[in-house]
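Read the single chain below, which is given as structure tokens and is the form predicted alone.
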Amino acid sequence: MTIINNNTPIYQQLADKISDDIVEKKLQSDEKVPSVREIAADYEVNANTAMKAIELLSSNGIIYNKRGMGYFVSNEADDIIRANKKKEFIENDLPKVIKTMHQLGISINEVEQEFNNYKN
């Protein structure tokens, strides 16, 4: 991962990357999360920055600590991440989309048609 968003703290970008890996099923429930040292080495960041990302995920219930074994993905992680991302989208991104739709005269029907035609 390359840190490219200068407006977002690096620890947040690391937490987002791990969250994306969970939603994309690259990390499963009860699977061990890479260690702080591994994260720091893989992403070429300070170990304190990696630890801050781990602490953020832990405080949000996305991962949990097994003493002496490391951090693992919680059973609720996917639901927590999706709920957080949905809330963030609705509060931050959707108003911009709606404003642009109004400016360009794009109807909700046009959006729905494009949404239904969208293929991942």
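Rigid core: the largest C-alpha set superposing within 1.5 Å between the two forms. Residue numbers run from 1 along the displayed sequence. All figures in this text were calculated on a predicted structure; none of them were measured in a lab.
Omitted from view is the form predicted together with another copy of the chain, to which the following refers.
K.L.:
Within 4.5 Å, heavy atoms only: does residue 91 come near another copy of the chain in the predicted complex?
P.N.:
No, residue 91 sits far enough from another copy of the chain in the predicted complex that none of its heavy atoms falls within 4.5 Å.
K.L.:
Would you please decide whether residue 82 lies within 4.5 angstroms of another copy of the chain in the predicted complex, comparing each non-hydrogen atom pair?
P.N.:
Because a heavy atom of residue 82 falls inside 4.5 Å of another copy of the chain in the predicted complex, the answer is yes.
K.L.:
Check residue 102 for me: does it contact another copy of the chain in the predicted complex (non-hydrogen atoms, 4.5 angstroms)?
P.N.:
Output for residue 102 is yes: heavy atoms within 4.5 Å of another copy of the chain.
K.L.:
Taking another copy of the chain as it sits in the predicted complex, is residue 25 near enough to touch it, meaning that at least one heavy atom pair lies within 4.5 angstroms?
P.N.:
The answer is no: residue 25 has no heavy atom within 4.5 Å of another copy of the chain.
K.L.:
After superposing the rigid core, is the C-alpha displacement of residue 112 2 Å or more between this form and the one not shown?
P.N.:
The answer is yes, as the C-alpha of residue 112 shifts between this form and the one not shown by 2 Å or more after core alignment.
K.L.:
Taking the rigid core as reference, does residue 25 move its C-alpha 2 Å or further between this form and the one not shown?
P.N.:
No; residue 25 is a residue whose C-alpha shifts by less than 2 Å between this form and the one not shown when the cores are overlaid.
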